[in-house]
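One chain comes next, on its own, written out as structure tokens in the form predicted alone.
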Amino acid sequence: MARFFKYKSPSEVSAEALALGHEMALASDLAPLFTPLRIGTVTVGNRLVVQPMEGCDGTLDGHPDELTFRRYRRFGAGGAKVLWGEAAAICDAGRANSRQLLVAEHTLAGLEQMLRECRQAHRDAFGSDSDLLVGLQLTHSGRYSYRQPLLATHDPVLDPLTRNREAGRAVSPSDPLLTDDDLARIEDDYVTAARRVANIGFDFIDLKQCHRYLLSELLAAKNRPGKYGGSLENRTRLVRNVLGRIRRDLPELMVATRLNCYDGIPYRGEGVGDNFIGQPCPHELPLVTAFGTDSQDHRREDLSEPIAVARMLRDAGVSLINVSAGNPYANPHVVRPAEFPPVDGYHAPEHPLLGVARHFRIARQIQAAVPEIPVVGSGYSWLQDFAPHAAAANVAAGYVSLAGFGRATLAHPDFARTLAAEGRLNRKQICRTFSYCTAMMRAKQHPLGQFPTGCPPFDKEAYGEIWQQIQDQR
């Protein structure tokens, strides 16, 4: 299979997008990325965001560890002015892996140290951190909780692909759902975690509603009975309750959310080698449990409900929305357009530029629906050298307020600083979307049950030996 990325200039990217049926502007002037922006009570110094990139490198009891501290020092010194801290579980049962960070009384000193070292690195590099915003993503992993799936609803397409490790099989229709009382207790866990995070000095918390973790799955739970399922009012009840309590008890805390605005449906690979191509899993129409997705055609988004949710979040006091899509376990080509698939994935069934265009199109419509709230757009990494040009064009046009960079920051943590100083990225550090980081996340044969993840090609100092250990086990 021929690889896709072959462009020598921004204009070639735009021309390819047009040939694929989409307009995609790339700007030569990157100045829009370095204009200040007011977010809540803070004016940030540029429009560049480090997305929540989980390192899977905490301790078994949820503390940050040496690689965690190193990552946030590098992000702090890197120049982006919004650092969106990675997923940290609100309770031990909701952790996605054995080394995910946990927000609990016994971990607060470590999380505070992580924040302190991050901010100090920024001050050392830039003289001040007054225009820096640092948050932490609060998560409950729901069906992807690593000990056992904790289901908000049954999904007839996704359930057979979800492993119940405790039972040694896939999720079945007879597996119980979290009860309404369980979800009410989880509301308490979110509020408690928010209070803890606020007390140690983070600028904002993110109520994670993406990638089919718990709050994201609730958005899709049209088939769930009771007060947390069915109508959109019910499906947003948990997040609205949490927001109301935070606004009442923690009025100074800024609240953000990373929101799935298009789920799509699961894919699985068919074929051999380079012809192992993702194909949609068998499904019945109309689709019931795919948020933001046309019920008659999974390839098309239907943003009527995501727009309604964005407006509800605005009215409830959310200050920042980060738009995402897809499910990294079920349709990774939607979440992260890539040149090579993850180790447990498939070759993309579409040109990656179509996936980038989808991200841009959805974020633009959400920003237009809530112009009062800064929206962070995603999906830039596959554009490699020319990601900043697309980001600058989108910001200049008002399609988004900020541009979020995910995998690219593991390879090039100082991307913002380099871009400001040199007007381009360092070609020797640009993420080529070869999915090494995802392969490391999927590697579980480690004494702690999880290998840490990073970028072994461009950060050999920290991850070269770890990558070799993973390769030796295959």
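Keep in mind that what you see is a predicted model, and the values were worked out from it rather than measured. Position 1 is the first residue in the sequence shown; the rest follow in order.
Beyond what is shown, the protein has a form predicted together with a small molecule; the following relates to that form.
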Looking at the small molecule in the predicted complex, do all three of Ala87, Val335 and Tyr380 come within 4.5 Å of it through at least one heavy atom? yes
TL;DR on 230-238, 79-87, 302-310, 149-157: the one with heavy atoms within 4.5 Å of the small molecule in the predicted complex is 79-87
Looking in the predicted complex, any heavy atom of Ala443 within 4.5 Å of the small molecule? no
So in the predicted complex, is the small molecule close enough to Arg407 to count as touching (4.5 Å, heavy atoms)? yes
Can you work out whether His389 and the small molecule are in contact in the predicted complex, taking contact to mean some heavy atom pair no more than 4.5 Å apart? no
Would Gln137 count as touching the small molecule in the predicted complex under a 4.5 Å heavy atom rule? yes
The unique member of Ala420, Met53, Ala27, Leu448 whose heavy atoms fall within 4.5 Å of the small molecule in the predicted complex: Met53
Answer with one of Cys210, Met114, Leu101, Ile205: the residue that has a non-hydrogen atom within 4.5 Å of the small molecule in the predicted complex. Cys210
